[in-house]
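Take a look at this one chain, the form predicted alone, written out in structure tokens.
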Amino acid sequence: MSRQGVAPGAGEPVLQLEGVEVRFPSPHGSFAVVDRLSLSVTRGEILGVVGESGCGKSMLARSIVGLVPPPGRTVGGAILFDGVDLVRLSPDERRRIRGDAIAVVPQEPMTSLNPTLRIGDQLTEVLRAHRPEMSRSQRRARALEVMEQVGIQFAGQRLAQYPHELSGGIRQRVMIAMALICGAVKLLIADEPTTALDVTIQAQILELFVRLQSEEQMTVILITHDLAVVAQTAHRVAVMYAGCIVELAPVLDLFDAPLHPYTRGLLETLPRRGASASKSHLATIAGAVPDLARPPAGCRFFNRCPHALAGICDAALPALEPVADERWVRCHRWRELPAVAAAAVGAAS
């Protein structure tokens, strides 16, 4: 599978996040699960968003489409989609965009599909909401067309089936068809779309995303905890940790030369060809993502970082600073880390 697909249109953002902040109340006051996050996504780009569970990836996606679960709220910043600030729109105005120009593919289709409705009824329901001028026969024809587009065989038979009668891979393709059925999607947000699938079906779904991006010049935000998925699919990668982006880079640059200690830790957990299969040899990142209701002072990764220095790393939250074209990192010591790593190798030998 081609990792790059078709290169995105340079300098033409379809989505711009400017200081977006999503907060939830707690007994100790509100806390941010997405913390003043800024990001620009180019038209026709596949952006991978990676990080452990609890880092804020899914909440970032929900903020874009206006589905932050109560009592959480998007309380600050701007979310510009084709120049329109989605945060300022009314719920009805957002609803008209969601499912039409912006679509979401959820993590687990079995919890998103209605078990009591046939697949055809669920697909055409989207058209009844967004394309009321279409007749029943036109809606059915469009449903068949988009099911074939996403590689569902025997589409006419599938329309009459219920979700429990389909395999996990077919259910996920139905969710992708549902996201595309209006035919005007500019931004597709896929939230852990391959987590529940076996490796063979996972590869087919990723191939489908690359093909859609290539054929439609669709922008895709691919949210996952799996760096291997991103390596196969994305143009750029945003690494999230504790509500913040800690590294942003083109995918090949990130894998060849990760700058943030957290990114390095994630890459080190990937299985290596020829490595022992024993669990005792699998690399891990010690500790856990901090409680965002009571985040640590300074760098959010301080308590887990092997290179952290007291008085520096715990003094203030580092800024997300530019390193080179399209490369950003949030770390007080990123300039020193290659020398630190080299010194450690020398001491070990």
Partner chain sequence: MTPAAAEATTPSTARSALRAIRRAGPMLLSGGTVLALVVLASLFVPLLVEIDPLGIDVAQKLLPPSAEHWLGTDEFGREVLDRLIIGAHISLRVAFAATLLTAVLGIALGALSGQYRLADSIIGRFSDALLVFPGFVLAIMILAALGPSELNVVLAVVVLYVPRVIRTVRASIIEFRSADFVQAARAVGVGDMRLLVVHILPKSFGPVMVQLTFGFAWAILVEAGLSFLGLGPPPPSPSWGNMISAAREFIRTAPWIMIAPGVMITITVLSLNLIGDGLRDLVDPRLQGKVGP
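All figures in this text were calculated on a predicted structure; none of them were measured in a lab. Positions refer to the first chain, counted from 1.
Omitted here: the form predicted in complex with its partner chain. The next part is about that form.
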| property | result |
| --- | --- |
| Gly29, Gly287, Gly311, Pro322 - the one with a heavy atom within 4.5 Å of its partner chain in the model of the complex | Gly287 |
| Contact flag, Ile64 vs its partner chain in the model of the complex, heavy atom cut 4.5 Å | no |
| Its partner chain contact in the model of the complex: Arg304, any heavy atom under 4.5 Å | yes |
| Any non-hydrogen atom of Gly156 within 4.5 angstroms of its partner chain in the model of the complex | no |
| Exercise: Gly83 in contact with its partner chain in the model of the complex, heavy atom 4.5 Å | no |
| Members of 43-61 lying within 4.5 angstroms of its partner chain, judged by heavy atom, in the model of the complex | Glu52, Ser53, Met59 |
